[in-house]
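In the block that follows, a single chain appears as structure tokens, in the form predicted alone.
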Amino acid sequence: MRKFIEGSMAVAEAVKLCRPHVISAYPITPQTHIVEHLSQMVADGEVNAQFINVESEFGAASVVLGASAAGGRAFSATTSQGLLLMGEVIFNIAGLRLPVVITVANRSISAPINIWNDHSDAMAIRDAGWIMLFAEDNQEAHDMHLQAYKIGETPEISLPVMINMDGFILTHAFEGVDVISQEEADSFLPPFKPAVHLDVKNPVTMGVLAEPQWYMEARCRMQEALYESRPVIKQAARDFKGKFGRWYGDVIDTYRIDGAETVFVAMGSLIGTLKDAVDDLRGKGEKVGLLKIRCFRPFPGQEIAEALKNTRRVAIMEKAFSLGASGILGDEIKAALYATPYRPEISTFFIGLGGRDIPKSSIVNVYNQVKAKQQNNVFVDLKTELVK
């Protein structure tokens, strides 16, 4: 059924379809509408779940950890400072191999205080051990939740999944969304059957002390599971396309990349603006294309290298960066290409930080700079552009 709804409502509708047992979150802009809608659904009897009010994001993360450990399908949502307050538990959820799903309405990190969109929050916890997916638009955000549970709950994977959607740009935008029916959702996503969970009839211990002779093995197994999740992510995307006809890429996607001499690379809602810019530039005879990073963790280095093997120039558009160092996405792409014979010129640009508008004119300006010469760590639309 097609509905004209807010992005947050599209997410709430998707979570309802996944039949969670426990939902817990703490309100924080711009995530609040997601759990407001879910709490109303629970109160109205539309969702057979426990909605647990908590005193903070740390409490919300702790609740969904416990719910998942007890064998329940659990969901939460947060953003920015709230995600950082969850930090300790975020690492524990991954380390315990609990397939929790959390939606992050991406927002900048203070200080200075800013409530608008960039990817600083997600990038701050990128090494926690979660599968991290980025949605391009509200339809993908809606559809991504069913895929996320299917991926994370695969017994061989058993890892949490973080769905990232740009705050305000997506969460508060109204657009047409094809909402999946409950019958369709049930045929795609089976009931949760945890491989291991806490049960008084079959006692187990979770989260034990790992002495030096065991800790490394546990972390190594997490790394293996993350890499093994790539084909599972791809299969979930193919299965979803086969059932619903919608395709967003698997770990990456490409747009008009054939014959492109210059390729933009980005994540999230910026993809839509970049597609428009690519179309305009192509119309003027420019050989330009786009690479969309849909899955940031596990990092799809092999797929990126294959996609970029025939291009001369790469313009990486980052909505976050590592203070005191450089572009996060740029550095990872350079590392992925290092082991290959492919050597395109790689330029990194910081754009849209703190919710700054990104018109097509800024994209065209980036393209012109890249064509002129390789760029490094340019803050787009600032008078002082280069970081030495």
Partner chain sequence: MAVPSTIIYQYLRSKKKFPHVWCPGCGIGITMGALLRALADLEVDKNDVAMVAGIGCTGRMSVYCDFHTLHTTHGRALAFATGVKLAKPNMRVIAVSGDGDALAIGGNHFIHAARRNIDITLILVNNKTYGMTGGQYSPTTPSGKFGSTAPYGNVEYPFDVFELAKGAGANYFARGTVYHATLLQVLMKKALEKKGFSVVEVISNCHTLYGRLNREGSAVKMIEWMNENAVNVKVASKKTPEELEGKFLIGEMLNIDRPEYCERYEQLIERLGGKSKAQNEARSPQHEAVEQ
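Positions refer to the first chain, counted from 1. It should be emphasised that the depicted structure is a prediction, and the values quoted were computed from it without experimental measurement.
Same protein, other form: the form predicted in complex with its partner chain, not shown, and the subject of what follows.
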For its partner chain, considered in the model of the complex: do all three of 29, 36 and 51 come within 4.5 Å of it, counting heavy atoms only?
yes
Would you point out which of 292-300, 81-89, 251-259, 98-106 contains residues with a non-hydrogen atom within 4.5 Å of its partner chain in the model of the complex?
81-89
Is residue 43 close enough to touch its partner chain in the model of the complex, meaning at least one heavy atom pair within 4.5 Å?
yes
Indicate whether residue 56 is a 4.5 Å heavy atom neighbour of its partner chain in the model of the complex.
yes
Can you tell me whether residue 113 touches its partner chain? I mean in the model of the complex, with a 4.5 angstroms heavy atom cut-off.
yes
